[in-house]
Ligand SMILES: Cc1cc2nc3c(=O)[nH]c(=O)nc-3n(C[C@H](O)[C@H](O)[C@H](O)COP(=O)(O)OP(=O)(O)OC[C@H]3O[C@@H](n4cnc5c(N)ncnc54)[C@H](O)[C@@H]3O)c2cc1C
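The chain below stands alone, shown as structure tokens; this is the form predicted on its own.
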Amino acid sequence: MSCMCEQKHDVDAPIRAHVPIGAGAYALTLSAPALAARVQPGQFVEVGLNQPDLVLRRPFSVFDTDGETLTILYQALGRGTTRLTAFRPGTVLRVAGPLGRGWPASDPGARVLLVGGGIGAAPLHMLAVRLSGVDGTQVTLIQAARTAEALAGCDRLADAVDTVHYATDDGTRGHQGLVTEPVAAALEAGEYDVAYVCGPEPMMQAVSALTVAAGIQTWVSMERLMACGVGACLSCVLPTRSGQVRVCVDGPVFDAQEVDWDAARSSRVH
């Protein structure tokens, strides 16, 4: 398996489209050919809002690219993302990327399990599309959220995989309950070579405990405050078995067995 890191660009990117996708989430498409042509599955970009009271850029995983544009999914939670919801097509944002180390490629013909939670499922879409073009590779997706409306990008994700299962807290789509239950059922029903997991940290810890115990190579995409995106500010330090690492440059993708989950939980900044 290998991981590619591309040359970083810093560009002015006009908004091409900006639409709500449910449950307080939005899909933002930016025109940025210099970035879009180079971004690899699992990498992220830093977006500047050009607001005097919002100086720091915001990190966002890339959901999709067509070589000319890139699309991110985000949820309006803090001051910056709430302000972002009001930006209309034509508005120019300053975007840096592609950043970080993305998903390592699986071997041809691999049996792949993708597990995504909430808006955290966004980094899996480019990976799913890439895997769908590899002969013999079989991809199963298990996507979870609080409600059916919060299953971010679920239709496009489903189109890129062979099999899909859903889990929602309220039972409005698929299994009612925790995502670990359909994951455990999938592991019992079939064999997998590699798992890619992204979502809330407690979910990733619980899912990776199951997949690692089953002997499956498991990759997780960690989320931390990433103020600079280039490893200088140390706001995104993550404890691992090998010591402290910077999520923005050493990740965001890590081997699940390398993450010190207990220390990571206590060190997380909310």
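Predicted model only: the values in this text are computed from it and were never measured. Residue positions are given as counts along the sequence shown, with the first one as 1.
Quick note: we don't show the form predicted together with this ligand, though the next part is all about it.
Exactly one residue in Ala206, Val212, Ala34, Leu56 has a non-hydrogen atom within 4.5 Å of this ligand in the predicted bound form; which is it?
Looking at Ala206, Val212, Ala34, Leu56 one by one, just Leu56 meets the 4.5 Å heavy-atom criterion.
Want to guess which of 67-75, 131-139, 189-197, 160-168 is within 4.5 Å of this ligand in the predicted bound form, heavy atoms only?
Of the stretches listed, the one contacting the partner is 67-75.
Is there a heavy atom of Ala122 no more than 4.5 Å from a heavy atom of this ligand in the predicted bound form?
It does: once this ligand is placed as it appears in the predicted bound form, Ala122 has a heavy atom within 4.5 Å of it.
Even though the partner isn't displayed, in the predicted bound form is Ser61 close enough to this ligand, meaning a heavy atom within 4.5 Å?
Yes, contact at 4.5 Å.
Hey, in the predicted bound form, does Glu223 get a heavy atom within 4.5 angstroms of this ligand?
Within the cut-off, so yes.
Touches this ligand in the predicted bound form: Trp219 (any heavy atom, 4.5 Å):
Close contact is absent here: in the predicted bound form, Trp219 is far from this ligand, nothing within 4.5 Å, heavy atoms only.
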